[in-house]
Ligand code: 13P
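Presented as structure tokens, the chain that follows is alone, the form predicted on its own.
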């Protein structure tokens, strides 16, 4: 099973020129490199999906940062999974903490999107994680999010879901005083696996990728993504610098397989 490094470019690359410069630099850095155990996914803003499709770099998969749960219709301002599929998007980030915070997305909203993405052959990168208050209070929010967001996902579909442990308190925009330790991330991974085993069985659980997201950078990817046994990373701010993104991929690609 390959690792995955997904880049969340968020609301950046403000012009076509900026996008083209980014892709040109990233393409130059990837030239001549071979990553045997890691898949790279770029999750671009909707307005850049056509440009990313035209780029056609075979070393990089395409993804989106969100989607609506209906295929088409009178839903002003929304983007459907069918649209994403037609722009060669193989992945979509769902349940990101920023959308839960600013757009007030609920677990039920995310669940509808997860089901719709799977129906349309798109792999959801499902984000779950606790904020600072929940961490301090010991709230078992991760299990609650998994239960709600994966409601109705069958044993035949769960292996197409990538689960991203995203401790909200550790995201750079929240100015964390420290990042999770290797043991904290490993504990979250084991909690997620325990839930999956109970719901889907041990054999199927082994096929589900569990990755880490939250202030991932070249200087910590080894500690929080590799040493903890995660299957990759969701990279935010650092992915805007192509050299940092490629370095993170190199670190994770060197991860010993278990």
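Positions refer to the first chain, counted from 1. All of these numbers come straight from a predicted model, not from anything done at the bench.
Absent from the display: the form predicted in complex with 1,3-dihydroxyacetonephosphate. The rest refers to it.
Chemist: Going by a heavy atom distance of 4.5 Å, is residue 109 a contact of 1,3-dihydroxyacetonephosphate in the predicted complex?
Modeler: Judged by the heavy-atom cut-off of 4.5 Å, residue 109 is well away from 1,3-dihydroxyacetonephosphate in the predicted complex.
Chemist: Though only this chain appears here, would residue 215 touch 1,3-dihydroxyacetonephosphate in the predicted complex if you measure heavy atom gaps against 4.5 Å?
Modeler: Yes, residue 215 is a contact residue.
Chemist: Would you check, heavy atoms only and a 4.5 Å threshold, whether residue 10 touches 1,3-dihydroxyacetonephosphate in the predicted complex?
Modeler: Contact check for residue 10: yes, within 4.5 Å of 1,3-dihydroxyacetonephosphate in the predicted complex.
Chemist: Within a 4.5 Å heavy atom cut-off, is residue 185 in contact with 1,3-dihydroxyacetonephosphate in the predicted complex?
Modeler: So residue 185 does not count as contacting 1,3-dihydroxyacetonephosphate.
Chemist: Okay, which stretch from 76 to 84, 155 to 163, 90 to 98, 139 to 147 lines 1,3-dihydroxyacetonephosphate in the predicted complex, with non-hydrogen atoms inside 4.5 Å?
Modeler: Result of the contact check: 90 to 98.
Chemist: Can you name the residues of 211 to 248 that have a heavy atom within 4.5 Å of 1,3-dihydroxyacetonephosphate in the predicted complex?
Modeler: Residues within 4.5 Å: 214, 215, 216, 234, 235, 236, 237.
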